[in-house]
Structure formats: C-alpha cells, structure tokens
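One chain comes next, on its own, written as structure tokens: the form predicted alone.
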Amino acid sequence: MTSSMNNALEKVKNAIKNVKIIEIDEREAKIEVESENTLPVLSILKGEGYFHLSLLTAVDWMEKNEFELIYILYSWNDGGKFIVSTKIDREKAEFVTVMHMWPVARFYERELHEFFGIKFAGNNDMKPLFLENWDDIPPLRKDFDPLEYSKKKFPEREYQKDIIHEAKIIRGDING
C-alpha cells in the first residue's frame, strides 16, 4: 500500500474498533465496518485525501437478509482506493445519506433506492432516475422475478418465424 493509504488506515484503526481490513493490492484496500461506524470511517478517509466518491453501490445478500453498501473512495494524490463496506438489514433497508460529504451521493442514493429499495435518511430526493411508473419490487433485488414481471406487463407473443433458423440460413450455416 502507499504511505498515504497506510497513514489513513492507522487513523481509522486508532479511531474505530472492529474494522476488518483486506489489502487487495498495493493501491486498493477494502474496509469492512459496522453500520454505525461507516460515516466516521468515510470522514477520516476523506480527511486523509480520499475525497472522491467514485461509486456507491449495493449487493443484495438475500440469504443473509442483508444489503451490503459499498462506498469507493479514490485519492487523486496517489491513485489509492478504499472500498468501504457495511451491511444493513434487508427488511429495514435504510441508511443515512452522505450527501453532506459528497453532493454526488444524491444520485447514487436515488439509484440504490430505485433498484434495491434502500432509503437514505436525509436525502429527500428519491424520485426515480430511470424507471418511470415502476410498480413492482425494485428490479435488482434478488427476489424480483423478471419473467413473472414480463408476463404481467407485456402481452404474450407468438412468433411466426424461427429467428435462429433464419439467421443460420443468412450466415450460410445451413441451406434453407
């Protein structure tokens, strides 16, 4: 790891107990924290030069009944990257906004609300970015059934031609 990454990690370890640090490579490390320690860790890292929030995303761990929130912070000074991860309850999918730290989080949080149903206290702009008039469970939750949704929303179609067979004829794979 770079020296600034080591310095930042020392500050995190001194301030927050129960953090798990996984070194991925010389310029990338993952920090797993309890949800109540996420904002302090993010604040420390931002103060240490990791002030670019490159991404905020989520993973649906349905079998564990959790969502994993993942914040990726980048330093333009040395190219170091921290992946800060925390878990929240899937049934009460709520967390606090980080818009006060990174205004761009507004859009990441809106996206997570739209696709996973996660709410962010303090971010009152949860209107859809992409899915107008969506009326089902959020589509990136693992319990969303796209086939069932399609059957419910779109009329069933009968296809007259076998498109794959037609494509093989066009490519010359088979004779018509």
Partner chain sequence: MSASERNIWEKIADQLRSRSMWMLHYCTGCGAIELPPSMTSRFDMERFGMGPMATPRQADLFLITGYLSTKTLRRVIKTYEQMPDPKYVIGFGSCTLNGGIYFDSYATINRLDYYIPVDLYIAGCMPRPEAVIEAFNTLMEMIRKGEANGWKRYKENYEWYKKNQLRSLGEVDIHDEFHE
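Numbering follows the first chain given and starts at 1. Please read all numbers here as calculations on a predicted model, not as lab measurements. What we label the rigid core is the largest C-alpha set whose atoms superpose within 1.5 Å from one form to the other.
Although not depicted, the form predicted in complex with its partner chain is the subject of the following passage.
Using a 4.5 angstroms limit between non-hydrogen atoms, residue 132 touches its partner chain in the predicted bound form. Its partner chain is not drawn, but in the predicted bound form it has a heavy atom within 4.5 Å of residue 150.
When contacts are judged by a 4.5 Å heavy atom cut-off, residue 40 does not count as touching its partner chain in the predicted bound form. Shown alone here, residue 122 lies farther than 4.5 Å from its partner chain in the predicted bound form, counting heavy atoms only. Once the rigid core is used as the reference frame, the Cα position of residue 65 differs between the shown form and the other one by less than 2 Å. In a rigid-core overlay of the protein, residue 150 has its C-alpha displaced by at least 2 Å between the shown form and the other one.
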